[in-house]
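Quick heads-up: it's one chain on its own, the form predicted on its own, in structure tokens.
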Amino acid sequence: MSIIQILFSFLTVLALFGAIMVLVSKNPVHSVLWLITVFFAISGHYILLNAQFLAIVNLIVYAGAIMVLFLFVIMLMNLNAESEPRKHLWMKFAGVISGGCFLMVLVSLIRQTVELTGKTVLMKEGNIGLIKNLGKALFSDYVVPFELSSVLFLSAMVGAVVIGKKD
């Protein structure tokens, strides 16, 4: 086994374990911290795929900003065990049924990929996810949509300031 396969296996196990711990953790703050672990593992997968820009954006946006927002919301909520409503039996049954359906879909997808193991995926270039190539594509082929989206974001920020401003 090469070092890339070992890293991929480690990051996969870390992401799956972190995702399971997000679901199993009783404390919501611990769930958010496990979710940050999952985001770090996913960023590691992006780096292994030679997509450094996606890895950095994933860390900055999701593991940074979104998780801080989640932590603030969780800390501002009143999460007493006494105030939490009891779940009915039919809700638990619906959860088990939907989880079973999801498991069946996953098993069918795994069976399909096992049948396709003889085929390999080939990429045209090894540097497809580099920031240099992304910037070249954004500012040459997609410059008009890029500028239009920046004007749209600017107008959304001005609108948010106008709505939030007190008279």
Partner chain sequence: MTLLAFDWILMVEKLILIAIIVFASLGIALYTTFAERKVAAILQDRPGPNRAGPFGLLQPFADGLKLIMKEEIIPNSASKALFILGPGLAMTAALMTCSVIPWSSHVELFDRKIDLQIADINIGILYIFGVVSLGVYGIMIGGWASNNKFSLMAALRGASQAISYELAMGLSLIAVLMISGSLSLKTIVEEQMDAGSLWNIAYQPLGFVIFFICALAECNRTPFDLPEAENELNFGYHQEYSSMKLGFYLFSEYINMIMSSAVMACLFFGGYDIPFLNEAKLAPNIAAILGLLALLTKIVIFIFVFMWIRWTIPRFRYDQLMNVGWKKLIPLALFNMLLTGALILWKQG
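Whichever C-alpha set is largest while still superposing within 1.5 Å between the two forms counts as the rigid core. Quick caveat: nothing in here was measured; it's all calculated off a predicted structure. Residue numbers count along the first chain shown, from 1.
From this point on, the text means the form predicted in complex with the partner chain, which you will not see here.
*Asks:* I need to confirm a contact call. Of Ser140, Asn27, Gln112, Ser98, which residue comes within 4.5 Å of the partner chain in the predicted complex, counting heavy atoms only?
*Replies:* So the residue touching the partner chain in the predicted complex, by this definition, is Asn27.
*Asks:* Indicate whether the partner chain has at least one heavy atom within 4.5 Å of a heavy atom of Phe72 in the predicted complex.
*Replies:* Taking the distances in the predicted complex, the answer for Phe72 is yes, it comes within 4.5 Å of the partner chain.
*Asks:* At the 4.5 Å heavy atom threshold, is Leu76 in contact with the partner chain in the predicted complex?
*Replies:* Within the cut-off, so yes.
*Asks:* Does any heavy atom of Val38 come within 4.5 Å of a heavy atom of the partner chain in the predicted complex?
*Replies:* No, no contact at 4.5 Å.
*Asks:* Under a 4.5 Å heavy atom criterion, is Ile163 part of the interface with the partner chain in the predicted complex?
*Replies:* No, Ile163 stays farther than 4.5 Å from the partner chain in the predicted complex.
*Asks:* Decide if the three candidate residues Gly18, Leu89 and Leu106 all line the partner chain in the predicted complex, where lining means a heavy atom within 4.5 Å.
*Replies:* Per the other structure, none of Gly18, Leu89 and Leu106 touch the partner chain.
*Asks:* Would you give me the residues of 148-162 that have any heavy atom within 4.5 Å of the partner chain in the predicted complex, in order from first to last?
*Replies:* Read in sequence order, no residue approaches the partner chain (within 4.5 Å, in the predicted complex).
*Asks:* Core aligned, does the CA of Lys26 move at least 2 Å between the shown form and the other one?
*Replies:* No, its C-alpha moves less than 2 Å.
*Asks:* Taking the rigid core as reference, does Val13 move its C-alpha 2 Å or further between the shown form and the other one?
*Replies:* False for Val13: its C-alpha shift is below 2 Å.
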